[in-house]
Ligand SMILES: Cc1cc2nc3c(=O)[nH]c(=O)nc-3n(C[C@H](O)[C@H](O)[C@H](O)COP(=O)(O)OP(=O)(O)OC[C@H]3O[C@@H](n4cnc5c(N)ncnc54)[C@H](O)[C@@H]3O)c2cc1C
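First, one chain by itself: the form predicted on its own, in structure tokens.
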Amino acid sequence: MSYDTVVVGAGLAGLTAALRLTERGQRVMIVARGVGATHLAPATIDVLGYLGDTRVGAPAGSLAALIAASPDHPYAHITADQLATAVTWFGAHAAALGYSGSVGENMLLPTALGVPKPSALAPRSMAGGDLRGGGRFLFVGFKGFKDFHPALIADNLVRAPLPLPITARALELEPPSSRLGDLSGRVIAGRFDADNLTDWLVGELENRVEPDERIGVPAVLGLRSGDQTWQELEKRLGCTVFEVSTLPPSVPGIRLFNALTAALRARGARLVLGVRAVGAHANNGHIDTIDVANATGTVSHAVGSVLLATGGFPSGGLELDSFGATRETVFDLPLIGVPETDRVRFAPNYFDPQPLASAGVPTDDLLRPVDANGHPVYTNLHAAGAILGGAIPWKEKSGTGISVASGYAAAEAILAPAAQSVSEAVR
């Protein structure tokens, strides 16, 4: 079969690009080995949280300093207007989660370890936990759920550097009929969906909340009905309630994946998981077909464009072999951020600067992978997300922001062939 665009990877970058392309009428297929990192990360959009060790309050206003220090950063190929447009567009198209925020200012949201994390956008069920204004907080956990310790969160947050001081206390509740076993986030979320735990939670809290307290609960208020449960809790308790992200699997991340894939299917996109893109056939630097391997063999699909969004090392977009050689796994594209040594060696301590921390694919301003001379490897291949080189997302707190911005920008480049023709003429 033929497609206008084949997207390789079903993480946040790939799904963002696919959604934008289908919105503009393209016939799109998404192929991936699995569901991507959405199931591991909170559903917040972190554009830029840190410059070095300095926490960023205004991500849009800090991009110039970031790019000056890291000229190969993915944001160097995305204009400030593109970034703002992408984030605003994403918030509107993930309307089922009701996103709040903007690229102009970071919220400070508590994590499950009690660390204030800078985020530009957050689902509205989380936004009430913004710590910047100070205040009184009550963190509520569930016995048997070992991924959320309310006392740890409260103790760490009162010691954290915040614009205004807070007070925080902890409460742990025993869910009804917990069967004395360890609980996972997905199990509790399923019980909120099926067993109406909202009534139980309201009954446990309504006489234990002090005036002006905001209530933080683990982000497990349901997979299908999380937003409705959150709204009902706020209404019945008469105070601000917010979800706090937990360790993987991420219930908000699964909600986000479900919302984006539902929107894609509604627009006619084809999503195929459990397969691998293994190469392509090109003519004069233009990809004509892409090869996709499944359980029974390899199928070639005719394409107009390809969007590579396979992620970095954790998701298999990049591979480090036993001899220390690093490669991109689908097209064997050139890489940046790889030491020029016979064998890559790692720094001894986890938080030390690591040799491969910023490894990835270099691109031009149309997010097309380029060779050592800056020329596109393929004129109709674009890249987005964690496969891009030049960033250290975990340290910058920029990973989901890069995914949304580059996914949207790559889709726009695919949709504007005239821009590519101009670029080729200049080259």
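Keep in mind that this is a model prediction, so the values were computed, not measured. All residue numbers refer to positions in the sequence shown, first residue = 1.
Omitted here: the form predicted together with the ligand. The next part is about that form.
- The closest heavy atom approach of Gly203 to the ligand in the predicted complex falls outside 4.5 Å.
- Arg191 falls outside the set of residues with a heavy atom inside 4.5 Å of the ligand in the predicted complex.
- A residue is said to contact a partner when one of its heavy atoms sits within 4.5 Å of a partner heavy atom; Ala10 meets this definition for the ligand in the predicted complex.
- For Ala386, a non-hydrogen atom is located within 4.5 Å of the ligand in the predicted complex, even though that partner is not displayed.
- The candidate spot formed by Val87, Ala120 and Ala405 lies out of contact with the ligand in the predicted complex, as no residue has a heavy atom within 4.5 Å of it.
- Between the ligand and the residues Leu108, Ala112, Val330, Ala263, the one pair within 4.5 Å by heavy atoms in the predicted complex involves Val330.
- Taking Val56, Val31, Val28, Ala391 one by one, only a single residue has any non-hydrogen atom within 4.5 Å of the ligand in the predicted complex, and it is Val31.
- Listed stretches are 78 to 86, 146 to 154, 210 to 218, 312 to 320; the contact stretch with the ligand in the predicted complex is 312 to 320, by a heavy atom cutoff of 4.5 Å.
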